[in-house]
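What follows is a single chain, given as structure tokens, in the form predicted on its own.
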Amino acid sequence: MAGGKVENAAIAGIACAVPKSLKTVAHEQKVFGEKEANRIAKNVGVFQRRVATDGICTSDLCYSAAEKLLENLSWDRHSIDLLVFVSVTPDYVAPATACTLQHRLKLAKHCAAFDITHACTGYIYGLWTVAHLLSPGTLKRALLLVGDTVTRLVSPGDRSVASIFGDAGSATAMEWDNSAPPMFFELGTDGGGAQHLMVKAGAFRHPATAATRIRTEREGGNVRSDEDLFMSGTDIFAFTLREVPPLTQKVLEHAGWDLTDVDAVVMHQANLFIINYLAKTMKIPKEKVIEDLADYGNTSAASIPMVLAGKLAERLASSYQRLVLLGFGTGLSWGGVAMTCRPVVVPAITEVEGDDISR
């Protein structure tokens, strides 16, 4: 089984950053018409999104979040032994973006740094990886930087995705703590469905060409190129119904909890219809399902920490919280964790402009 119980690792703080640039339903109305844009917004629950302007990369958002978090934690930067960057929108093909962030954040040269390529399930995979690496006690402190600028991969003429996605970056500070409550993970993959949520061209299997860049009309009148993100909503919905309920049950069983023991359930912010349908299917009380889609949209790998740093900030900063975090999507992949989070540092979400970037 992928996952299991991880001990001796604790979250010390969570911070997030978003671009200052805002897009609302009014922008989509100009492309798809008022009636269609309003219908989409109501169904998916997204009424505004933050969109990275030219010059802002995922690393810049994660860097801003990490700077704010380190300032609030007052950590000695040389005490950080590990930096993990999780994204599908890195700065370069090579080197790993984690390496450039180690330098920008002025971390010590003894700090190990590497990337994980993951989107919707990225935060769970990152937590699982970092928690495992901290657990033996050889490493004492780590930064998990998770985010995406997915709007760069989206065709503005594709109504299935154009009005859903927003951009964000996050930083989660983690540390070795032999008194930390254990985390209980469950992870899974079904690569046979990878084509249902994919950017087909632009890497090495299907290199970018003049033809792959041309946007043409596709199914349902959607306009995109092979270098734009494709999503089959029907297949993704079926996948979530098939995998997420048993995923949730397994992490609860591992922890020895039932839903009455849980303070909050935070799912990947795919869209409001999916979240509400899953919550109803799993009989999760409405007040325990936390979401922020109306303000930020689907921020891909950053969607779970965005909810934690936004809607749950006050609770996380002041009290112990029993959380169930659920990621699902690209891969196709899924992952969940049941964890008791001690009081942590949670700064306000930072807004980033191009002029703010220090490289």
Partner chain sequence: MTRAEFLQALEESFEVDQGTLEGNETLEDLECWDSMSALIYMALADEKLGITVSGEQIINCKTVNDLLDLLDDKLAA
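Residue numbers count along the first chain shown, from 1. If you're wondering where the values come from, they're calculated on a predicted model, not measured in any experiment.
One more form of this protein should be noted, the form predicted together with the partner chain, which is absent from this view; the next part is about it.
The candidate spot formed by 42, 235 and 273 is fully in contact with the partner chain in the model of the complex: every one of the three has a heavy atom within 4.5 Å. Only one of the listed residues (114, 277, 75, 257) places a non-hydrogen atom within 4.5 angstroms of the partner chain in the model of the complex, and that residue is 277. Between the partner chain and the residues 241, 99, 201, 223, the one pair within 4.5 Å by heavy atoms in the model of the complex involves 241. Here the chain stands alone, but in the model of the complex its contact with the partner chain, taken as any heavy atom within 4.5 Å, falls in 33 to 41 among 33 to 41, 314 to 322, 288 to 296, 328 to 336.
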